[in-house]
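Next up: a single chain in structure tokens, the form predicted on its own.
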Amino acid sequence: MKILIAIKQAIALDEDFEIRADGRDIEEDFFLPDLNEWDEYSLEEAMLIKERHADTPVEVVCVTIAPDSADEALRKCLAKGADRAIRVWDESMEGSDPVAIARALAAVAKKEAPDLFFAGVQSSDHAHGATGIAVAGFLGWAHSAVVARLDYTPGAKEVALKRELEGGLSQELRLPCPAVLTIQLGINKPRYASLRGMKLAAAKPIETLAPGDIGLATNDCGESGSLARVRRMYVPEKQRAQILAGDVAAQAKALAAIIREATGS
């Protein structure tokens, strides 16, 4: 039995940073990289399934679509107990949007044939929230988003879960396997990596693949395989707030005047 987990080395920023010369990203010198918070919960959920059913072999495999700078995040997963780590990348993948990333992850899933595919609900940097469900679309697998509770026995043909809905509602359902699940914060309490685990992880290999190794053409990823791309990144101009005084009629009149001035109408 195998669980495949999509992970990302997310980026935080210093208070002071500079935008790259081409205006499309931040200078890398200001990056503060770390394993995406949501992915910590995905990995922990996989490890709990493995530990609860020690009598059944469960392989936990982490995969990322990123350059070698993401090896640090993969080794953090290995230190916490993941069995294998896979990284897919070459220069043709630069500029891939969430759907192009999902296409690559789905190709890895076809190669690995897991029973479950976990992804975080979103990433803590870009917060698109699209990659996991797009993977399910490419694979044609059953899927559920924002999973807050999970019950699975290795080898079972179904997975039982509870997922969060809007308005404070929840939904309980069962899905056929293989399935893609995006995992929500709070489903568990992620463990810390032990010193022994970190030492062992440092010696473990990270399998590196190129798009061609997983059956992708050059135009399946990167900007040519993406429907969205960053045109420009900038710091918005600071605006000022204004409190409108008087009763409702006076406030409405003042607001209308502000709108007319702003629109020139």
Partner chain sequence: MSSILVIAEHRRGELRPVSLELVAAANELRAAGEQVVVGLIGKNAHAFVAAVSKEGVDEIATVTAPVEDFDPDVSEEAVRALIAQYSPSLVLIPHSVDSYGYVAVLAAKDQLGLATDVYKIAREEGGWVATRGGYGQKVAVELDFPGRSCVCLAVRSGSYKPNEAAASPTVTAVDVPALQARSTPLDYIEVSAGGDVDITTVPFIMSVGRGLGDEANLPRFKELAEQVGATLCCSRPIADSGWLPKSRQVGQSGKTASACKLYIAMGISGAIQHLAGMKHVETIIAVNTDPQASIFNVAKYGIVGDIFEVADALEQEFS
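Numbering follows the first chain given and starts at 1. Because the structure is a prediction, the values reported are computed rather than measured. So that the term is clear: the rigid core is the largest set of C-alpha atoms that superpose within 1.5 Å between two forms.
What comes next is about the form predicted in complex with the partner chain, which does not appear here.
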Check your understanding: How about T208: is it within 4.5 Å of the partner chain in the predicted complex, going by heavy atoms?
Key -> no
Check your understanding: Does any heavy atom of W141 come within 4.5 Å of a heavy atom of the partner chain in the predicted complex?
Key -> yes
Check your understanding: S226: heavy atom within 4.5 Å of the partner chain in the predicted complex?
Key -> yes
Exercise for review: Considering only heavy atoms, tell me if R163 and the partner chain come within 4.5 Å of each other in the predicted complex.
Suggested key: yes
Point to revise | Within 4.5 Å of the partner chain in the predicted complex: residues from 172-200 (heavy atom criterion) | key: E172, L173, R174, L175, P176, Q184, L185, G186, K189
Exercise for review: Answer yes if the CA of K238 moves 2 Å or more between this form and the one not shown after aligning the rigid core, and no otherwise.
Suggested key: yes
Practice item. Take the rigid core as the frame of reference and indicate whether the C-alpha of R24 shifts by 2 Å or more between this form and the one not shown. Key: no
Exercise for review: Take the rigid core as the frame of reference and indicate whether the C-alpha of A12 shifts by 2 Å or more between this form and the one not shown.
Suggested key: no
